[in-house]
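Single chain ahead, written as structure tokens, the form predicted alone.
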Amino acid sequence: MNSSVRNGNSCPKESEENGNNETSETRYPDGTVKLRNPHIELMDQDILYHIALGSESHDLVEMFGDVKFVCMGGTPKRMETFAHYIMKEIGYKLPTGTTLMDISQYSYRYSMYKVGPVISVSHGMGVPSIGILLHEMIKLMYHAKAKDPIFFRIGTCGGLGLEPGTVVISDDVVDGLGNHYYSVPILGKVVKRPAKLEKKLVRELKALATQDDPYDTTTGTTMCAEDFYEGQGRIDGAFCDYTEADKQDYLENLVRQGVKNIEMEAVPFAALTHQAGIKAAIVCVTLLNRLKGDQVAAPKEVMNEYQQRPQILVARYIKKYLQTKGRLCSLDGHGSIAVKSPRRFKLVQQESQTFE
């Protein structure tokens, strides 16, 4: 196999704020998303297998054209909870007799809910899972003609020198080797895509943390591991070839490098949104201090409360944005799937159910 390396040099030219989201490479003049894949426009239909949608089976402009925020987190239950929470926070009203619907229920892979201009979707665990979802969510924004969407990852993590329950807003991301890029083997060659987050968005989120919050909110570097156990220096996996002292030395060295937390999705999230010219931020809550142990021991009710904290901060941002734009007063929903072609609609359902 050819092991040569080529750098991803098609990234949008950067501004001082870590990415100009309105470059001609990533946006049309009206602000809608432009894909960096010329093949999509030539396809009869683009089936988004893993979220059970299609460009010709569904009227994606009608369904998602008003989307401004895409919020994603690991589990379906967490993102269903966030959907109900943001619905209350922004005053979104469903028609009488209707409930929030899992739009991607036929995929059996991810769960997705839409609350006015907000999508709440699960991304699963780890680099491959979130990578697949990001490709399809970016394509969804393109097909829907959504204008300048903002992506958020709302998650959990292990803290480094931080008390459990601390909220961490990532201002930089690295992989397990300290690299600031996402390495993807493509056609036998390794492509490196810069993993960057917009600093302005980080500052805006940090400014929304208040002294009344009964927990700390901080910013810092996030390490993205490709494994839960050995990849994060745990000693409680099925295998372990290092000592407790080795682990402590490693974690303390990460702290000296400015790493505040460890999770499993930050690098592809930052790299693919940056490649697409989409503003993005990562907000996680620490479930434990890894300098003091490897296993989460907090009671379930405490864990549930911790997981609400990133949701609260992101909801503050969304609510403030909508208030500034005067959009909180017109949030009545239709709560329906818009079908363009019943035949293609059935095909997409079948493809999504059987695609491996």
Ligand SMILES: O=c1cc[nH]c(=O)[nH]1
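The first residue of the shown sequence is 1; numbering continues from there. As the structure is a prediction and not an experimental result, all values here were calculated from the model.
Note that the form predicted in complex with the ligand isn't included here; everything after this is about it.
J.: With the ligand left out of view, which of His58, Arg290, Arg27, His50 would have a heavy atom within 4.5 Å of it in the predicted complex?
T.: Spelling it out, the residue with a heavy atom inside the cut-off is Arg290.
J.: Considering the ligand in the predicted complex, which of Ala280, Ile103, Met264, Val167 comes within 4.5 Å of it through any heavy atom?
T.: That would be Met264.
J.: Report yes if all three of Asn37, Ile138 and Tyr142 come within 4.5 Å of the ligand in the predicted complex by some heavy atom, otherwise no.
T.: No, the candidate spot makes no contact with the ligand.
J.: Is Lys192 one of the residues lying within 4.5 Å of the ligand in the predicted complex, judged by heavy atom distances?
T.: Outside the cut-off, so no.
J.: Taking the shortest heavy atom distance, is Pro149 within 4.5 Å of the ligand in the predicted complex?
T.: Output for Pro149 is no: heavy atoms all beyond 4.5 Å of the ligand.
J.: Taking the ligand as it sits in the predicted complex, is Pro268 in contact with it (heavy atom to heavy atom, 4.5 Å or less)?
T.: Close contact is absent here: in the predicted complex, Pro268 is far from the ligand, nothing within 4.5 Å, heavy atoms only.
J.: I'd like to know if Thr156 sits close to the ligand in the predicted complex, meaning any non-hydrogen atom pair within 4.5 angstroms.
T.: Yes - in the predicted complex, heavy atoms of Thr156 and the ligand come within 4.5 Å of each other.
J.: Using a 4.5 Å heavy atom cut-off, indicate which stretch of 85-93, 227-235, 204-212, 179-187 touches the ligand in the predicted complex.
T.: Single hit among the candidates: 227-235.
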